[in-house]
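Take a look at this one chain, the form predicted on its own, written out in structure tokens.
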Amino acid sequence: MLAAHVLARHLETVTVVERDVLPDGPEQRKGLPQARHVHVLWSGGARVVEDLLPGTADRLLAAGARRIGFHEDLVTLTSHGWQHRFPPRQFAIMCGRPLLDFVVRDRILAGGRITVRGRTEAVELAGDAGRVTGVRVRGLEDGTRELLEADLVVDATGRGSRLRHWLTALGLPPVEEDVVDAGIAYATRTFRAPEGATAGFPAVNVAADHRVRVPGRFGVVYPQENGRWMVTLSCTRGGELPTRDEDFLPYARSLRDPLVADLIADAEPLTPVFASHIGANRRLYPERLEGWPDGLLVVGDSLAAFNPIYGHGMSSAARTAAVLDERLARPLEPGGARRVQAAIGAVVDDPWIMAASKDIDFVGCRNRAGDPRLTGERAALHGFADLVASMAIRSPEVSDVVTDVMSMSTPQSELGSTRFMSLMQRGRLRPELTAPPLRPDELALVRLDRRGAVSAP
């Protein structure tokens, strides 16, 4: 939708080819099964959305979304220990994916310049190796095939994109692809939260420790609209994901801390367990082709898809839309599509390397990447990343920079800057936390007084 929105700002007409019938409200739909799992819109992406669609954040919050300040409104057990709840530097918007999609879609389609062809799928590209001139589509109701001619075709078909096959059919060589697959799987269930908890209790994140050479297990409790908690449990390859309702709570108890299990033990479940095994990091490099065709661009998960537990997919898509908006402000000359595609590829590099480099450290990860940062240089980077992680949970200054990078508000290169190295040397370290930093009033709100509060100045 963001890609369509910016296209409509620069081109006469825009047609969205969509397999689903888009609902008139924040409802689940078949073509977005991952919407049943937790999503976060990091501040780096939220600011881009707000620039493109002013007022979107207010509409989301008015509909029940919550703005989570990092790290004040989040209780996190990282791989290296409990994170101090420092004053917020960045934020994330937490709500159901259907709500986020609907608010954005409703605002964009209200402009009237975008046509949505529902129950229609793209079959192949039209044109040749030098220029794409449109896309052939098929109606899913009657099988009718049709050619949609276009000056510009944008592939936003997601993880299931058939772009590599389509380009081969045009006579182009294979597009380079990197895959880092830790075997991530995730299972989600929605619960009714205790009264007031979605507004007054922090979000919870219990991560795995990659240094322990066993499959990783993760769990989160994120506030949603309508007084609900969305709880996602996940694992890397071999972690035995819970797919039955009766296995959900025992799995939560197997995490490194029982906080997630304690929170949901007496909560009313509102849904069964929904499971997914789609989570590999995958990236294409179309800009490396010598002869990238004019008239074609690729964005979103079609270009780079990440392990969902890091929450970077939507923010990355927003950033690519912003690049598209900027580059289309001037006419595309011959060869211009390749230059635009290279600029789009540059903005997905940070989330790509953040997700892929983390996943490589887990047991059983299958690395089919040629990126040197994910192969030969790993030994040196590994030790530095562990040092940063151990300091970020206890140093407010180090935590600020790390959070800026994780939220996609600051380039990852900042972690190698002279300023950051200086902070690493002189950063003030708070005492190590031995339990989740929860206040007495927060524990009382969720009826967990027995756990005891931890002072976290």
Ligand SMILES: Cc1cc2nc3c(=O)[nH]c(=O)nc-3n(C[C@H](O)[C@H](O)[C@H](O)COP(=O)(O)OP(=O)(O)OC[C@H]3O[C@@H](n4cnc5c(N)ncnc54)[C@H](O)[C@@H]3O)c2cc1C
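Since the structure is predicted, the reported quantities are computational estimates derived from the model, not experimental observations. The first residue of the shown sequence is 1; numbering continues from there.
Beyond what is shown, the protein has a form predicted in complex with this ligand; the following relates to that form.
Engineer: Check whether residue 198 has any heavy atom within 4.5 Å of a heavy atom of this ligand in the predicted bound form, and answer yes or no.
Structural biologist: Residue-level check for residue 198: no, no contact with this ligand.
Engineer: Determine whether any heavy atom of residue 286 comes within 4.5 Å of a heavy atom of this ligand in the predicted bound form, and answer yes or no.
Structural biologist: The answer is no: residue 286 has no heavy atom within 4.5 Å of this ligand.
Engineer: Looking in the predicted bound form, any heavy atom of residue 249 within 4.5 Å of this ligand?
Structural biologist: Looking in the predicted bound form, residue contacts with this ligand do not include residue 249, since no heavy atom lies within 4.5 Å.
Engineer: Taking this ligand as it sits in the predicted bound form, is residue 63 in contact with it (heavy atom to heavy atom, 4.5 Å or less)?
Structural biologist: Close contact is absent here: in the predicted bound form, residue 63 is far from this ligand, nothing within 4.5 Å, heavy atoms only.
Engineer: Have a look at 111, 158, 173, 336 for me and say which one sits with a heavy atom within 4.5 Å of this ligand in the predicted bound form.
Structural biologist: If I apply the 4.5 Å criterion carefully, the residue I get is 158.
Engineer: Within 4.5 Å, heavy atoms only, which of 325, 225, 73, 301 is in contact with this ligand in the predicted bound form?
Structural biologist: It is 301.
Engineer: Is it true that 210, 355 and 385 each have at least one non-hydrogen atom within 4.5 Å of this ligand in the predicted bound form?
Structural biologist: No residue of the spot touches this ligand in the predicted bound form.
Engineer: Please identify, from 427 to 435, 395 to 403, 33 to 41, 64 to 72, the stretch that has a heavy atom within 4.5 Å of this ligand in the predicted bound form.
Structural biologist: Contact criterion met by 33 to 41 only.
Engineer: Could you list the residues in 185 to 201 that come within 4.5 Å of this ligand in the predicted bound form, counting only heavy atoms and keeping sequence order?
Structural biologist: Just 186.
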